[in-house]
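Taking the form predicted alone, here's one chain by itself in structure tokens.
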Amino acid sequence: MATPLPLLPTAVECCAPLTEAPLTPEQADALARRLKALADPVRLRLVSILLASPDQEACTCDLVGPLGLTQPTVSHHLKKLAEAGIVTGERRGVWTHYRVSTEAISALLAMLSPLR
């Protein structure tokens, strides 16, 4: 049976759209951490691979080949995305299966969009 990993805060919890009010220092820090997690070419590729995968999820073991990186390096990048609330993981046996939090991505886009 699959064991979900502990839930991490998502971008949904960060802030209102920037058009509604200026960010507080705490909100700016939270948003910057999430954007910084995405502002890495490997992590952007991971997000795109996950979103394009069947059921929009993949095992860590299935991500090593397409990225041409070692399993520890892929796990490091997935950990950074998980800490930012961009992906969630579910342990299945010895492997963890990850999926993108579409709610977190939608919240980031809505927050940054100048249009309502």
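The structure displayed is predicted, hence computed values, not measured ones. A residue's number is simply how far along the shown sequence it sits, counting from 1.
The same protein also has a form predicted together with the DNA, omitted here; what follows describes it.
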- Task: Please pick, from S48, Q27, Q56, T73, the one residue with any non-hydrogen atom lying within 4.5 angstroms of the DNA in the predicted bound form.
- Result: T73
- Verify the contact flag for V42: yes if a non-hydrogen atom of it lies within 4.5 Å of a non-hydrogen atom of the DNA in the predicted bound form, no if not. yes
- Item | Close approach of T60 to the DNA in the predicted bound form, 4.5 Å, heavy atom | yes
- Message: in the predicted bound form, does L69 come within 4.5 Å of the DNA, counting heavy atoms only?
- Response: yes
- Message: With the partner left out here, check for me: in the predicted bound form, does some heavy atom of A21 sit within 4.5 Å of the DNA?
- Response: no
- Residues within stretch 71-109 having a non-hydrogen atom within 4.5 Å of the DNA in the predicted bound form: Q71, P72, T73, S75, H76, H77, K79, K80, R91, G93, V94, W95, T96, Y98
